[in-house]
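Below, in structure tokens: the form predicted alone, a single chain.
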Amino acid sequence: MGEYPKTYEVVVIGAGHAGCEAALATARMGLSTLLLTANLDTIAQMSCNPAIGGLAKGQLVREVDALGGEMARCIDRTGIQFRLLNRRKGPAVRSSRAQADRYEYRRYMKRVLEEQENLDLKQAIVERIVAGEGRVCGVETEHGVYFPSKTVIVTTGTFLRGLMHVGLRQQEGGRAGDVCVKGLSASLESLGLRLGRLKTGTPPRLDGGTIDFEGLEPQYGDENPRPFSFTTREITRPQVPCHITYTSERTHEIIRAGLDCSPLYTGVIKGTGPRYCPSIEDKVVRFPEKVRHQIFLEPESMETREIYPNGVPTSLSLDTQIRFLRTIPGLERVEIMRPGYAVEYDFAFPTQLKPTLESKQVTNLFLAGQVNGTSGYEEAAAQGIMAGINAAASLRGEEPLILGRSDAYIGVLIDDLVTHGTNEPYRMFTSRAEYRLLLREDNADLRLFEKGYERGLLSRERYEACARKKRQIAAVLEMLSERRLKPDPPTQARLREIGQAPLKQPVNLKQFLRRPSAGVAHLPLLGIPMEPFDAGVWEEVEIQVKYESYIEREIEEVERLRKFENLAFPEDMRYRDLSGLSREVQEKLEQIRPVNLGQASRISGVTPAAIASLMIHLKKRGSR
């Protein structure tokens, strides 16, 4: 085995969305980093849908940006359609989504990685993680090259023993056109990690030149696109529409007739698939009462005619795919450029990780992304940046960064994984967050910029801009509390002009803005200037004013529960020796090894009585 003549502080395995964020984080924090990938031409590849964001996922992207990550800036520069989802609903559930030019996205991210100081990129397949005395020493590639390293971050996506299915035909690979990684699974198992098997799927890619868009419903983006990154001033790229069509009863008949060649329904596929993004054959079988299913025809790039039919992931045989697609309006003469397929892959059960995403079995071995059982580019990027930050903290002897469930969607994501685990591809939803009114898209920078700056991922200039925005919001809120509207004739006349009910008594501007029909846009009409503050400040002010009582209620709940989160367990706690706990509870606590009482309270089967008992034991040991 030949040893590479350079020792790295961090080696990142895999250059998907998790690997890119992990490598950029450690390099930007000053650590010599090596990013190894099986194919340098597919860095940040969008293996499935060419889009970033979506419900709850948009929040994750903005949080990654607030911490100093790259995903938001990348989509802002390469997006071809931007939409704010749930615009008519409350701010807690509004989320941004953007179609990406998938080729431009990949090129942009690779360029950022290549230009990053302290970061080397190399094409190689890692076969083995080398460890000694319970600590990582480096990695070995398939060509026998040994890269010494103090820390390793595994972000292998769907490539561990990847197996692709089209009908009853199988091919090894983690993605169409790419190889699978075989030896690394065995290496992880030899280090004590328990692996499982998951499945995901992707639709066929269609030739846009064979689609009749004329009779289909176009879906346009927002007229004034909202950027993902807090540093982007405006979106300047040309925007393109998507189109909407639907399956038919004839489509469903063909799919049902083709199930005898479905690897999903003939038992060939063993891995568990995503519940919330089922294949089209799954939809047809599980929801027989539905006469049609919606399909979004999404452009993959400005450089190609390929269309992504969002809504029909499938692993049916190619001839069945062609036949059912041609029963869909607009697709009567469609040609498939790439078939849809399913892919099975290994993942590590995430309860084997600490909240830092470090393995409990091997020191300085971190895992992030789909290897932890998640689905989605955004979930991967969120884990990647956190694994990078905590890998750097471990090497520096600093405190780790652990975001709580009231701090960020990232905190919810990681806590769900390491506390509850998953047996199916995990996807983030707003419903998973208890404090989603506190964890809005619009305030991600205010919540996290200080943490990003403390870790060295945000510039001084960006830190000062966020701090200034925070001060401005406070100043505007104070002004709104002090300025009053009186029910004098001029004021009443202006209120009538803007369609507002007259005043019955003097009110301050905060009270006025709490009216359902009132907004900050009305203030200039009442003689209240909005300068010199920008739109982001006023958006935040309006939300805080209108939802003040609800926000205060959530803050009070967070403070009430904080005492549980602050009661930390000693690392050497022996749960099997604690009295007052059932054997089942003892075993679960030994398996998860929670870092504090709050995490213990969220473990399935750990009862309130067990929590009370644990609190007594902690107090005996002097925890406060």
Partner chain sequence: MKVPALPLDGDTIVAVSTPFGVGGIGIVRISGPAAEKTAAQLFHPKTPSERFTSHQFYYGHICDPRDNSVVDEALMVLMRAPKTYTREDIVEIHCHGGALPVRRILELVVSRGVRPAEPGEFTRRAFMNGRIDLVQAEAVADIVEAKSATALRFAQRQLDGGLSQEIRGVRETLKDLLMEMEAWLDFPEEDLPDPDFDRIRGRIEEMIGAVRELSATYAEAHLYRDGVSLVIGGRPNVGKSTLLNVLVGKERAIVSPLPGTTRDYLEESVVLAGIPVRMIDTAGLREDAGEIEARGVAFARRQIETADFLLYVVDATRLESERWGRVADFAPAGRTLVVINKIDLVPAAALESGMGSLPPGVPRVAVSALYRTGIENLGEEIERQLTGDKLDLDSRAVITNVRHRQALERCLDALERAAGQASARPVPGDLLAADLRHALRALGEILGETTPEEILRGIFDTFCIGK
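From a predicted model like this one, the values you see are computed outputs, not experimental measurements. Positions refer to the first chain, counted from 1.
As for the form predicted together with the partner chain, it is not shown, yet the points below apply to it.
S.K.: Which is the contacting stretch out of 495 to 503, 333 to 341, 276 to 284, 394 to 402, given heavy atoms within 4.5 Å of the partner chain in the model of the complex?
M.R.: Stretch with heavy atoms near the partner: 276 to 284.
S.K.: Here the chain is shown alone; which of 182, 354, 135, 290 has a heavy atom within 4.5 Å of the partner chain in the model of the complex?
M.R.: If I apply the 4.5 Å criterion carefully, the residue I get is 290.
S.K.: By the heavy atom within 4.5 Å rule, which residue out of 170, 232, 123, 219 makes contact with the partner chain in the model of the complex?
M.R.: That would be 219.
S.K.: I'd like to know whether residue 553 contacts the partner chain in the model of the complex, with contact meaning heavy atoms within 4.5 angstroms.
M.R.: Because a heavy atom of residue 553 falls inside 4.5 Å of the partner chain in the model of the complex, the answer is yes.
S.K.: Applying a 4.5 Å heavy atom distance criterion, does residue 436 contact the partner chain in the model of the complex?
M.R.: Because a heavy atom of residue 436 falls inside 4.5 Å of the partner chain in the model of the complex, the answer is yes.
S.K.: Residue-level contact is defined here as any heavy atom of the residue lying within 4.5 Å of the partner chain in the model of the complex; does residue 97 satisfy this criterion?
M.R.: Contact check for residue 97: yes, within 4.5 Å of the partner chain in the model of the complex.
S.K.: Test of understanding: in the model of the complex, would residue 580 fall inside 4.5 Å of the partner chain by heavy atoms?
M.R.: Contact with the partner chain, yes.
S.K.: Scan 546 to 562 and note down the residues that get a heavy atom within 4.5 Å of the partner chain in the model of the complex; none is a fine answer too.
M.R.: Contacting residues: 547, 550, 553, 557, 560, 561.
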